[in-house]
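In the block that follows, a single chain appears as structure tokens, in the form predicted on its own.
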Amino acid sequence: MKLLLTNIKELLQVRENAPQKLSGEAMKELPTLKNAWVFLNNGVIEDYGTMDQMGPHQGFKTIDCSGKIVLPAWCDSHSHLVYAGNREQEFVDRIKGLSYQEIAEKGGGIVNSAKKLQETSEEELYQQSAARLEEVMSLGTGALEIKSGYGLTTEAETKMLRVAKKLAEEYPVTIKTTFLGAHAIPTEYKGDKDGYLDLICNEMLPKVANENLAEYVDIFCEEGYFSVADMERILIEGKKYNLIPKVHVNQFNSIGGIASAVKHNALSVDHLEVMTNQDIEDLKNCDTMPVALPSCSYFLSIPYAPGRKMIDAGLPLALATDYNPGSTPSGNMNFVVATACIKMRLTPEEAINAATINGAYAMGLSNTHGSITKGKAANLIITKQVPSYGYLPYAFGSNLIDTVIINGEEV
């Protein structure tokens, strides 16, 4: 399909030669074109420019974007979109004063979700997840990563990943899959963490690899869950199957996981609500992308990742949703971008860069997603008529999206 967007008030993230990622001062720069057009052909961005330069195009559908802003679709590099049911009772428990850790200790949390998922058929799990995917696409997400981790048995973990793969086949959105068997210790292995790690290494990982169900391997490195030594074991084992490391780390405590993740060439380290000066130093001059999850902090009422401090220290930063049933039951990247500005003191330019180019990097999609660049995926957001792109995070409670285009098609 051929689409021509004309009279665009401002075309954001225009980069003739897009960088792989943006760090520090470079995150403050958001190149744009005013009074612009962009031509989409066969699922990719074919050309763009200003209206006074637009030549003839044949056989296309035209969309008039007068007064509207166009930007790349969001790249959500951290989600758990495939899950069963919900955990609204735990939401109420937290309001009544129980902590996330206390809820987990009494059988709630990830283990609760795992029980529901184990009891849910693959088809029902697909239907629930497809409804969530359709919603996040309508909110402007054009690429996302989906993690397992709410199964905690070999059968249930692979079921989650099969559903994620099926979603990738059935929908135009780009989906990357991550094996997160080491998300929590299941009830039957309580007091025998090493036994569960043996199951992951000896049974789950080989099955995931043999069925080609994941590209990445992840672990929740945190006090009360998995140690740095546990993380290193999982990452080393995952590399035997060519699984690229990504790590949950520093959500509640700084225990040395970041330095270890960098040593093992993790593509990303995610959460980062608690960061020491040493953690920031460990992330300098490496290829690992820090990923902040501000809507998780909002929902759990925990600290926000110190995004301002990290960018000022010269680091890159990506933003993602952490969409999951327990700590972030929302896949709305618009809210994530706004919250990063409001609570983490990112500028609109930094937040948009973090949710596009840097989000793409954190999924290994730098060459195909995250910017208005010729040859990249035709994944775009057309806003409603707005005064400026700064208005997008400013009016955080409003739906300012008019149209979403994914793979060259209006969705």
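The shown structure was predicted, so the numbers you read here are calculated from the model rather than taken from an experiment. Numbering starts at 1 and follows the sequence shown.
Although it is not shown, the form predicted together with N-(iminomethyl)-L-glutamic acid (NIG) is what the next lines describe.
Although the partner is absent here, residue 304 lies well away from N-(iminomethyl)-L-glutamic acid (NIG) in the predicted complex, with no heavy atom inside 4.5 Å. N-(iminomethyl)-L-glutamic acid (NIG) is not shown here, and in the predicted complex it never comes within 4.5 Å of any heavy atom of residue 226. In the predicted complex, residue 183 approaches N-(iminomethyl)-L-glutamic acid (NIG) with a heavy atom inside 4.5 Å.
At the 4.5 Å threshold, heavy atoms of residue 126 stay clear of N-(iminomethyl)-L-glutamic acid (NIG) in the predicted complex, well away from it. Contact annotation: of the candidates 177, 339, 288, 251, the single residue with a non-hydrogen atom within 4.5 angstroms of N-(iminomethyl)-L-glutamic acid (NIG) in the predicted complex is 251.
For the residues 100, 335, 298, 216, the 4.5 Å heavy atom test against N-(iminomethyl)-L-glutamic acid (NIG) in the predicted complex is passed only by 100.
Residue heavy atoms within 4.5 Å of N-(iminomethyl)-L-glutamic acid (NIG) in the predicted complex occur in exactly one stretch of 155-163, 73-81, 116-124, 135-143, and that stretch is 73-81. Residue 110 is the sole member of 102-120 found to place a heavy atom within 4.5 Å of N-(iminomethyl)-L-glutamic acid (NIG) in the predicted complex.
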